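Before any questions on binding or motion, here is one chain by itself as structure tokens, the form predicted on its own.
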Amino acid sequence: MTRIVVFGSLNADFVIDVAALPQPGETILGTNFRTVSGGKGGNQAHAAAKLAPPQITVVMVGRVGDDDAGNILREDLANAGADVSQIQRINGYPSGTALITVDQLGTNTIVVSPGANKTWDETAVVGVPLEPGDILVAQLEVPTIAVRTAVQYARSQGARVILNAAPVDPTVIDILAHVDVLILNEIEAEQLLGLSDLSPEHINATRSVFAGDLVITRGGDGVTVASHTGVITNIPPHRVSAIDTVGAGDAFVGGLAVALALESDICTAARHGNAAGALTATVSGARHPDLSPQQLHTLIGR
């Protein structure tokens, strides 16, 4: 049985809707306050678990605090079908928290307090079962030293590595040689790789630091895939009625990971991720509660 092991953050998201995002120093009134489960790691594991067939197990490796939020974060992933046996409770720390505002166009701002997520050290993931054919998915909302160790450990076990290098930390450049698939949005691609545009010349210039499959999400402009073989493919966006883009990028990662676990090529996997992200943007919150393979295939087949 193939495992997708998601290593990363778990947060309680406090979300409020606003007519327009506030400017610095501005106080505005919002509506529809809600608390939902989030964190890039948790969101990606949730999407993967909802989309994974029975032969694929999605394991969440994360940390929560000694609080009620920690219980909810764990239960929500278990209810989605993820294996939560590797989620640790850290006494003396709160669970991670995110403060999120969402405007009428679905655009958002997010401020994160890491809480228990920041307690990881270089022992992260070591000892979690990983075998050839398994996939490790990591992001950067936990300490970089922990991500570095996790990536190197996964490769030593013969597993493939997907790194969603967000939020950007330039110090991860030295571990990109151990990454099979690097996922960034346009802003992150410029910050990490210096990609001011996505021309073949600029993309090929990044190959001195990263030689794997590069996937760049571009919001309403779709996705650009630069495979390790040198082929560049632009995938158009899905036209959906987006109401909340929080978590859409994470659902993209989860959908792509499941497709790769099913031995899809990188472009097919990106199309699955593209559909998962689009569907998630049609609901409020970072996770689509009814995300399913059937929905994905219907949207892709349009």
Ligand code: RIB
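Residue positions are given as counts along the sequence shown, with the first one as 1. Remember, it's a predicted structure, so these values are computed and weren't measured experimentally.
The form predicted together with alpha-D-ribofuranose is left out here; the points below concern that form.
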{"property": "Proximity to alpha-D-ribofuranose in the predicted bound form, single hit among Leu198, Ala78, Ile72, Val112 (heavy atom within 4.5 Å)", "result": "Val112"}
{"property": "Residues Arg3, Asp83 and Ala261 all lining alpha-D-ribofuranose in the predicted bound form, heavy atom within 4.5 Å", "result": "no"}
{"property": "Thr280: touches alpha-D-ribofuranose in the predicted bound form, heavy atom cutoff 4.5 angstroms", "result": "no"}
{"property": "Contact label in the predicted bound form: Glu141 to alpha-D-ribofuranose, heavy atom within 4.5 Å", "result": "yes"}
{"property": "Gly273, heavy atom within 4.5 angstroms of alpha-D-ribofuranose in the predicted bound form", "result": "no"}
{"property": "alpha-D-ribofuranose contact at Ala98 in the predicted bound form, heavy atom, 4.5 Å", "result": "yes"}
{"property": "Segment that reaches alpha-D-ribofuranose in the predicted bound form - one of 253-261, 27-35, 239-247, 51-59, heavy atoms within 4.5 Å", "result": "239-247"}
{"property": "Residues within stretch 38-58 having a non-hydrogen atom within 4.5 Å of alpha-D-ribofuranose in the predicted bound form", "result": "Gly38, Gly39, Lys40, Asn43"}
